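Quick heads-up: it's one chain on its own, the form predicted alone, in structure tokens.
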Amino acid sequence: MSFLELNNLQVGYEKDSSVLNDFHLTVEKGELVSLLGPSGCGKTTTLRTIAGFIEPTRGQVLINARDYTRTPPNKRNIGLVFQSYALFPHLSIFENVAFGLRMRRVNTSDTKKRVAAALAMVDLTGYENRLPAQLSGGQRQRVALARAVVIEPDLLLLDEPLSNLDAKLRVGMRAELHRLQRQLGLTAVYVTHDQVEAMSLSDRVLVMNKGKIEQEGKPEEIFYRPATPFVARFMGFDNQFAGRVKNIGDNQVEIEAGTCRLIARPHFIPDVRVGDPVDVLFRPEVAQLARAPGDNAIPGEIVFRTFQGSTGEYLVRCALGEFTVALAETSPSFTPGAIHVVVAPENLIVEKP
């Protein structure tokens, strides 16, 4: 049996409307699973149901084989880290971290030891007497982490904990979270809409859409082998054009799109026949630009180029549509004019429309 199980959950905020319906989720002990998806897809509702803030109208929440479905939040040994930190502004850092231990009536000596150890883990030793307002955003988020882990939770829940931080701090905190979760062997559920966060932190990623899991798997599987058009678009397959199946061979599909003939060798070939319409998708960063025509080349014209730091981003207008191509700044630079967008067969995703 998995450490965390959500079985056949039905959850909603209104009587006749469900956010989650027949929802299932399993998390193994010591695993970090990310719920990834756009706003409104049900990921925070799922987290709040696990925490006990929302009671499902149907189904079960099992933690370590015990039924917690009707157990109030304060009776669940769960650590919570919120987007807004949720620190007590009038309490010192020590007292913020010690709060959960005080509620559990842990004796003073053990409280001091455990708070000191938790603050050391997040590199905040020496900050015990400061107030939250005296800390930076990244430091406050580390206090929130220390408060969540000091109670030695059965399960750690994190709801978009890094979204209020700037880009550089987010990278550092991702590494800190990853280290801490591995060091303590915590079982964790992480909610985010940020693909990079989910890919870099997770043992497994669940992509959600409209209250359902569209695809689940290891980060590499989700990134390279999206199973549905929604997952492909959400994971960055921003370029899309329509075509028709010309031929089907061993692990490849020949596609006719306008005057172009393209070969696709996707990780997954949908159930299509010769003559069927298909959508073809690819990421901006897997495409190349070439002046001369060649294999798997789509003719077009560069409209403009924007500088993105380590990459240059080109907007290319073709008969099949407008495509974005991202090239490393070390690549040759192209000026506006006639061009070909070239995509290797293994970088094309084929979907039924």
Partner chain sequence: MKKSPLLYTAFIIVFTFLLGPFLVILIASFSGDASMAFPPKGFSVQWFQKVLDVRMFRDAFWTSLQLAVASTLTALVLGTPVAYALVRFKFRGQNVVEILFSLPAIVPELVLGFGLLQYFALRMNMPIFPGLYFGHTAILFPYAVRVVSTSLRNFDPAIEEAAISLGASRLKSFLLVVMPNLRAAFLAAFILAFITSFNNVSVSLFLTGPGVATLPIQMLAYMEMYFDPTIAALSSIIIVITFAIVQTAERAFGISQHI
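Residue numbers count along the first chain shown, from 1. Treat the numbers as computed from the prediction; the structure is a model and nothing was measured.
Omitted here: the form predicted in complex with the partner chain. The next part is about that form.
Undergrad: At 4.5 Å by heavy atoms, is each residue in G294, F304 and T324 next to the partner chain in the predicted bound form?
TA: Not a single listed residue reaches the partner chain in the predicted bound form, so no.
Undergrad: Quick one: from A257, V231, V122, L80, grab the residue that has a heavy atom within 4.5 Å of the partner chain in the predicted bound form.
TA: The option sitting close enough to the partner is L80.
Undergrad: Counting any non-hydrogen atom inside 4.5 Å, which residue from G100, G211, G243, P266 sits next to the partner chain in the predicted bound form?
TA: It is G100.
Undergrad: Using a 4.5 Å heavy atom cut-off, state whether P89 contacts the partner chain in the predicted bound form.
TA: Contact check for P89: yes, within 4.5 Å of the partner chain in the predicted bound form.
Undergrad: Taking 4.5 angstroms as the cut-off for heavy atoms, does R147 touch the partner chain in the predicted bound form?
TA: Flag for R147 set to yes.
Undergrad: Quick one: is K29 in contact with the partner chain in the predicted bound form, heavy atoms, 4.5 Å cut-off?
TA: Outside the cut-off, so no.
Undergrad: Would P132 count as a contact of the partner chain in the predicted bound form, using a 4.5 angstroms cut-off between non-hydrogen atoms?
TA: Looking in the predicted bound form, residue contacts with the partner chain do not include P132, since no heavy atom lies within 4.5 Å.
Undergrad: Of the listed stretches (71-79, 212-220, 191-199, 112-120), which one has a non-hydrogen atom within 4.5 Å of the partner chain in the predicted bound form?
TA: The contacting stretch here is 71-79.
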